[in-house]
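To begin, one chain is listed below as structure tokens, in the form predicted alone.
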């Protein structure tokens, strides 16, 4: 359990496809916990997704579905602010201002840019300048804590670098955010044993129908150890996933069956399948209800955008004043 209280927390998730159990155990579950005792802002990062998604309908559908799934998984709009990134235009204004004081060398050292290029993603300015927009996402709400995995620490370090440089040039303007490192459970294996990721096409979707879920679970890669032989649970992707859903007693029971022998991978997969299906059953029901009432989801997002913009505009007033960005539309013209 995350023992954090009284903090302003910011996190976003890209609408790059159906949410999977790696997203849930790596971030979403913790986000839901944090809403209980903190001021949380959670946004669907559709501007960030545009670096790789260039199909209008796909982006629209993915954006809505991420918001829908967060609500289905337990986000309470009375406790946390849920909104779409593009509903707060101030964030792109801040991203431009930050870009004017961000050294090229800082962006060139970004691991995420290098990794995506290595995976064959075509480079574009949005992908290169991604850390600047992300810094704007964080700074514009006076965020105090940002939940990140260990592989995302550099992003927050770059945000702090930009904020400190701006403060050094223009005076104290930004709150300097701190990282909240999420638990090690964040590393969830996919069906091939690598870290679960859409880019590896190895995910198990949270809200897949039973037939699709069964197909994914049965495709989990195993070794060739015969049924009758003992097996090492700590080297098994099936066991690693089962532990996420099971009680300590159930986990120990499966461990002993692996060690004893006479227990096949097929049997273990069936147990895992039922665990996943049962775990998300109440959330599936909630999701079905929300799909029948899309207007409620739209209203949650509208309300969230209004709350987010109120805070964003207050921060932008400080930024504009500090940097000398005048807005003449607000100036009164003296009468002769």
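Numbering follows the first chain given and starts at 1. As the structure is a computational prediction, the values presented were derived from the model and not from experiment.
Note that the form predicted together with a small molecule isn't included here; everything after this is about it.
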{"item": "Location of the small molecule contact in the model of the complex, chosen stretch of 102-110, 75-83, 126-134, 167-175 [non-hydrogen atom, 4.5 Å]", "value": "126-134"}
{"item": "Partner proximity in the model of the complex: residue 146 to the small molecule, non-hydrogen atom cutoff 4.5 Å", "value": "yes"}
{"item": "The small molecule contact in the model of the complex: residue 158, any heavy atom under 4.5 Å", "value": "no"}
{"item": "Partner contact for residue 138 in the model of the complex: the small molecule, 4.5 angstroms, heavy atom", "value": "yes"}
{"item": "Proximity of residue 45 to the small molecule in the model of the complex, heavy atoms at 4.5 Å", "value": "yes"}
